[in-house]
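Given as structure tokens, the chain that follows is alone and in the form predicted on its own.
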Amino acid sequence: MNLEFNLIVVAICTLLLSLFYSIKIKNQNISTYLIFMAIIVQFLTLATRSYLAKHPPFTNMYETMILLPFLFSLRLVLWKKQVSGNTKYYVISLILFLDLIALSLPADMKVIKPLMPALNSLWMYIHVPAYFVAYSSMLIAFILAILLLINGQNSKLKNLEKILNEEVKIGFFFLNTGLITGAIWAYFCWGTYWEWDPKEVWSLINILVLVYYFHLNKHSKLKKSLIVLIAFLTIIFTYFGVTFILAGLHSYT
């Protein structure tokens, strides 16, 4: 656990340096190089956790708090157009926030525990990653929606809506993929595709909110942005609120 802690601290320091070089020094090349370094450190953190736990690093809250920063960091270097300018700074800030959450979680949430039988399934390797890809896209969409609401008339941001549409489509596709594969997984585990479990219900709500997005007029920037904000809030509640407030079949402890 100490090694994981140290690696997360190194990743935080590297990302802070990246912000410094990007904002203060105005050297984007060094900033990008530092982000690459952070990605390597984050990958080592995940690899360490996987090796010690003997399972993929996305089976509890702590593990996902070290997985999401890695995925978001990849977005910074693999899709530069979508996360350029102010968007990049917001994403890095969120990565730092998630890393700080990982460090501050109680020790009992970081303890390695054997997987429950229900989690020992091939479907876990499809279902869970699909949701995290969706979360990654919806985070970018959330930031873009805020920028559109604040600077909607700025000519420099004329491509924001196009990028927003792309991110919402990706998020919508993978949210559906996660829901469908989860239903199949549930059938093999519980003998039914749907149990009206809180996590299932809220996962469906996420999708239904986004469905409305695709029925809006293509020029409805304000409405589109508001729908994305609402969808992101429902996703946050699905992940955190349901986990800590609403007990159900997905309450693996």
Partner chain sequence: MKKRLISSFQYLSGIIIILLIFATFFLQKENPETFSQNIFVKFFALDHFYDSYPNTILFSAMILLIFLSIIFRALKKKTAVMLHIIIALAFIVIIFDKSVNSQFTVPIREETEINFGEVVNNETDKYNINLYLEKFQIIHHPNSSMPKSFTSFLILDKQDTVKISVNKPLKLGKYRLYQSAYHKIPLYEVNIIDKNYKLFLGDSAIYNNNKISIEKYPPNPEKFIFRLNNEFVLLNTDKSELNINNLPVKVALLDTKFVSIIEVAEKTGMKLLLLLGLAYLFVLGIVFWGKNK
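Residue numbers count along the first chain shown, from 1. Just so it is clear, the model here is predicted, and its values are computed rather than measured.
Heads up, the form predicted in complex with the partner chain isn't pictured, but that's what we're talking about next.
J.: Does at least one non-hydrogen atom of Ile170 fall within 4.5 angstroms of the partner chain in the model of the complex?
T.: Close contact exists here: in the model of the complex, Ile170 approaches the partner chain to within 4.5 Å, heavy atoms only.
J.: Answer for Leu115 alone: is it within 4.5 Å of the partner chain in the model of the complex, judged on heavy atom distances?
T.: Leu115 belongs to the contact set for the partner chain.
J.: Does Glu161 reach the partner chain in the model of the complex if we count a contact as any heavy atom within 4.5 Å?
T.: Looking in the model of the complex, residue contacts with the partner chain do not include Glu161, since no heavy atom lies within 4.5 Å.
J.: Is Thr192 part of the interface with the partner chain in the model of the complex - any heavy atom within 4.5 Å?
T.: Thr192 belongs to the contact set for the partner chain.
J.: Suppose contact means a heavy atom within 4.5 Å; in the model of the complex, does that hold for all of Thr14, Ile30 and Phe232 with the partner chain?
T.: Answer is no for this spot.
J.: Have a look at Ala47, Leu216, Leu226, Met61 for me and say which one sits with a heavy atom within 4.5 Å of the partner chain in the model of the complex.
T.: None of the others qualify; the residue that does is Leu216.
J.: Select from the listed residues Leu67, Leu34, Val41, Val209 the one whose heavy atoms reach within 4.5 Å of the partner chain in the model of the complex.
T.: For this set of options, the contacting one is Val209.
J.: So if I measure heavy atom distances to the partner chain in the model of the complex, which of the stretches 178-186, 67-75, 100-108, 87-95 falls within 4.5 Å?
T.: It is 178-186 that comes within 4.5 Å of the partner.
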